[in-house]
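Shown next are two forms of a single protein chain, provided one at a time as structure tokens under the names structure 1 and structure 2.
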Structure 1
Amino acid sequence: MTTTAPGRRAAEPAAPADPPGGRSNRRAFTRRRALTIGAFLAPAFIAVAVFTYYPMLVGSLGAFRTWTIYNVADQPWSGLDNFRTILADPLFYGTVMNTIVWVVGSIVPQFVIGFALALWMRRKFRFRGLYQALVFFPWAISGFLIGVLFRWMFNSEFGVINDLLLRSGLVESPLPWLASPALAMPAVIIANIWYGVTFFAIMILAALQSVPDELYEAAALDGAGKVRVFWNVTVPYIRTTLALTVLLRTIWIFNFPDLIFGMTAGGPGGRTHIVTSYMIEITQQGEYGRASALGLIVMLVLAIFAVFYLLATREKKEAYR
């Protein structure tokens, strides 16, 4: 596939004839052109460098300094002390375990339900556009606000969820959702599933709409049943989108302490604390150096996912070529 590119490029210079005046004139033109392109790109590069990479670099260097709110002007180097403090903190390992449960527990149901919704919305029915808009709506609400809403819904005494469970006779006494170590994590995960399903639904729906109808017609002619068509036509065709969406969402859910903060603030007893909500807690304590160190650890872990993501995008680009 890559062999086509050089061939195409080689053919280009042959088409326009060299302007009179020869090579030097052409070089001047190229230089000026390069300058123009550079100048147009400069604002974007400067913006990204100033507002993204510079703060990121300074923040990362903070991980190796004693940097607290009590003396922001003086930040002496402290080597790996911040990392040692984090790795010696038993709470850190608890948050790592919680993070794994939080990410896996959220992403699998989000994916399955989102896929199902997408398959359903692909069919034409009345008010499909309105329905799609409604499905997408939760994505527009802030995570913290969703946390606060679900905090009330899961409230043991006044919450609508216990009320429904009691009325339907599924439970005999109210469940202490956010007060129980066994139920708190499922509760925040349920809230996150509600929130994240929409992203999968929309992404997968877009991918499904790209599957040519001819493929389905051909499969039908060959006598393939619905299940067979799903596994042998639909899934292989949108495989890359599925992988990309899952990878992207993994990174986002990992980095999504907002909902937890609004709902449980990491409680009870740290049972819903994930690594990133723990990082916020350390920041609130004014321990910026330690928070940066934890941030770097998170970044390294997420970089692994990002590499997979980039590999998958490349595969996707090549598939479209």
Structure 2
Amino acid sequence: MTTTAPGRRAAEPAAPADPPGGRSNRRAFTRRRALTIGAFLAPAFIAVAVFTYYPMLVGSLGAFRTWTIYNVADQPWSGLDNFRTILADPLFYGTVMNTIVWVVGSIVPQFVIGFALALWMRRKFRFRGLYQALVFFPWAISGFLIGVLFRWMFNSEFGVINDLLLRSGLVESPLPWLASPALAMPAVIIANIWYGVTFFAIMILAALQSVPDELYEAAALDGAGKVRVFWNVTVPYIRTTLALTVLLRTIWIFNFPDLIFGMTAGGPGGRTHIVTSYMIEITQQGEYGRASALGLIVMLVLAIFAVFYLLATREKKEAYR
């Protein structure tokens, strides 16, 4: 047993000495690793900056200039004139109403049918993988190509849709689907529903597979029926995924003129134009400043919608907890 003289403190054990060059080597390794990572990421950052952010900045500034095909080199500052021109255009308000019909008419059936398919594919049955591949296949096809295919299907003379309707006796004569102002929008919505159901089926099926089986077993022990289990177990557990999926799909449908251009190019008489397809048509007319102003309006609307929707989703999630 060792003792220490009064007034003296026991000697503290010495800290283990670092190996020669240990800390400096670690610092050098960290810097070298950071530089290596930066070198690998630099091409991607440069490509995104050059091909995404720079055109976005130039296009946003063009919304406040007189920028047309006739004065590409000379772009005088015009302030808010492009926005005033758009808001004074009666066709703009028609495209806004078309966009609302396009989004709501597409998103609701896509969600309902996609949810039903996801619930069905979650069950174990024979050839399950084959059915999943067939359901997911449309998502791998270009939206413009889908529009071209459905344009042939809805053709009034030799389209398969009219042929089926005539054979079933539902109509007496072929319907001018894409030439009729009353039928063109339902036709493009039907095509978009077929195309977008796959997205909801994929996302919801992934969320359903994350629900623990113990929750269903506990609900079965409590005597809960299938409907009660669906509303009290399944939906609350995947509610956040459902909300975010609907948000993402709404934004994509809002910015999805590919299918419309493939089927109708906005016709007849602008009856199937949505805001983004109308913006493309203005660009094709050489009115770049007006198209840029409309693009900024679209971005603002989507940003506001996204903020309020995410806030509502967070409040519901906190209330559930």
Partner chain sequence: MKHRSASFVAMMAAGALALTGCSGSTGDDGDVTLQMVETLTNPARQEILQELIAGFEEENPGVTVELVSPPTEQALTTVQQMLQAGNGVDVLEVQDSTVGPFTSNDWLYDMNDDLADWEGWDALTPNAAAFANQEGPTYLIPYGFYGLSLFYRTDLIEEAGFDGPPKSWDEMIEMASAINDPSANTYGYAFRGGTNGSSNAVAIITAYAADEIDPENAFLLADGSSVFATDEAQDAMDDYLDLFTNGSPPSSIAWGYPEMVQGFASGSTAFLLQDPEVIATIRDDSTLEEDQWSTTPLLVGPSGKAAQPLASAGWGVAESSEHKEEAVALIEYLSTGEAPLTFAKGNSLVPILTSAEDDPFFSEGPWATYVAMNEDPDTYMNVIQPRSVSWWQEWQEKSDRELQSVLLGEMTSEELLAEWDTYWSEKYASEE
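Residue 1 is the first residue of structure 1, and the numbers go on in sequence order from there. Take the two forms, superpose them, and find the largest set of C-alpha atoms that agree within 1.5 Å; that set is the rigid core. All values derive from a computational prediction rather than experimental measurement.
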Form predicted in complex with the partner chain - which displayed structure it is: 1
Degrees turned by the smaller rigid part between structures 1 and 2: 13
C-alpha positional change at V48 between structures 1 and 2 - rigid core reference, Å: 3.9
